[in-house]
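Presented below, as structure tokens, is a lone chain in the form predicted alone.
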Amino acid sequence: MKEFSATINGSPVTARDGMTILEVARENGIDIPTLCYSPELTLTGACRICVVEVEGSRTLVGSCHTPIAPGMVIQTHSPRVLDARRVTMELLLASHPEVCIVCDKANMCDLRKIAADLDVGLPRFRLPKHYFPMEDVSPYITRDMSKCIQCWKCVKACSEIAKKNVYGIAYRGFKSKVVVDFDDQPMDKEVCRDCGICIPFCPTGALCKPSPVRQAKTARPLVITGTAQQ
């Protein structure tokens, strides 16, 4: 496989044909936040948290799906990049339910971790929020779609890894939603027995395993320290 040179954050890096900017960055110890990306799943490019600045490009590009090219000059944490990530995170949080204190992930989900790294607290924006009834009739999985950020990782994990195709995507725009069957019944699928493939892929508390009533939470609360790179 052909190797070539590029530059990330002022330092030369070696890349190979077919690699994305994100893959090269991670190979060189450079952390670029992601919400919809997983190396185990096909690309989505939906969350836009992984955007970077490429010299000569008019717009920021998604690092998870943009191939790196010879001589490319990339900035992963420039002021322009960080501003864009913060706005995107604020928009996600603005439409997210404010229930972290009682969430099963105890404020330790990927969404909140990235928000903390970006120094994003209360969003400036006020947007409509999604509210859906809790789907807890299944003994294998609990869904709270009010917390879903539509990264689609559960859909891909179920179809590509588990090969069960339980989930689908329905509706459009603000009403877009991950559904089961015709979205007319809460999730209660026997095919989900002893599976749970989708749960660890969820970046929020939208998917979790059912827990006994009154079971104490074991996750540690998130402390925002302001560690965003400048």
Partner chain sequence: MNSTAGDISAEAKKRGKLLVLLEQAQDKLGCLPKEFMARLAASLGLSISEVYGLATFYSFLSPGPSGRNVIRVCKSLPCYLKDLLIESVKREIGVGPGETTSDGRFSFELTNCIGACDQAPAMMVNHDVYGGLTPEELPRILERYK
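Positions refer to the first chain, counted from 1. Since we're looking at a predicted model, the values are computed, not measured.
The next section is about a form of this same protein that is not shown, the form predicted in complex with its partner chain.
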**Message:** Considering non-hydrogen atoms and a 4.5 Å limit, does its partner chain approach G168 in the model of the complex?
**Reply:** yes
**Asked** Do P67 and its partner chain share at least one heavy atom pair within 4.5 Å in the model of the complex?
**Response** yes
**Item:** Non-hydrogen atom contact R172 with its partner chain in the model of the complex at 4.5 angstroms
**Value:** yes
**Item:** D183 within 4.5 Å of its partner chain in the model of the complex, heavy atoms
**Value:** yes
**Asked** What stretch, of 160-168, 44-52, 28-36, 194-202, brings heavy atoms to within 4.5 Å of its partner chain in the model of the complex?
**Response** 160-168
